[in-house]
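Single chain ahead, by itself, as structure tokens, in the form predicted on its own.
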């Protein structure tokens, strides 16, 4: 029940509710991955079931695909969709230019492919993800398993000369074994503290042999919807240069988990 949600989950819920209002009939929609995106998938499934909204969803991970199918959203591949009208996803950090760090959930490669294949990318988040400078959240870098230690050393050497506060990386683990992405790769999390030039860092990282992709999303996000625990949402549109505030009304007994 919505009335029983924690303040942070209420913020995620209202951001997700506002974002799915942007979805129109017959759209092809990219479905993000992570705890905040899961709220969006459930809210979108509610519209599909209750309003008869006809859409196709392109998930960015196997777990998002499973959730979408569970809540009644028809799922297709990006190859079938070819191009998307809208992608809705979460973010680990965003700055004033709506540049992002993503990949805390381990799906950064598919998330970036889907987002860049969309007319519009909307990020849903809570106020804690807004930062002055990116980098407080560890930056994920997806690397191939072969020679990952060498790749890690090359990454640390490259970023040591850049405008960051630290230059250390750690292999992401899943209990006792390395974390494995949907593409069979590993993730190196870079603990940088602050990134002075995200655009340059993204370019440098992707030139290192063994690096598949990095979690810096530069000039990809069009809007950020920030949910608040009191039901307010801020909508920042980087293209229009506008910021609007709205309030999302919901009943305490709203339950978007009824399908699960």
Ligand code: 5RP
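Since the model is a prediction, treat every value here as computed from it, not as a measurement. Residue numbers count along the first chain shown, from 1.
Separately, the form predicted together with the named molecule exists; it is not shown, and the next lines address it.
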Using heavy atoms only and a 4.5 Å cut-off, determine which of 107, 190, 134, 114 is in contact with the named molecule in the model of the complex.
107
Between the options 139, 122, 73, 91, which residue brings a heavy atom to within 4.5 Å of the named molecule in the model of the complex?
91
Stretch in contact, per heavy atom within 4.5 angstroms of the named molecule in the model of the complex, of 98-106, 159-167, 73-81, 146-154
98-106
Taking the named molecule as it sits in the model of the complex, is residue 129 near enough to touch it, meaning that at least one heavy atom pair lies within 4.5 angstroms?
yes
At the 4.5 Å heavy atom threshold, is residue 214 in contact with the named molecule in the model of the complex?
no
Taking any heavy atom pair closer than or equal to 4.5 Å as contact, tell me whether residue 62 reaches the named molecule in the model of the complex.
no
In the model of the complex, does residue 35 come within 4.5 Å of the named molecule, counting heavy atoms only?
yes
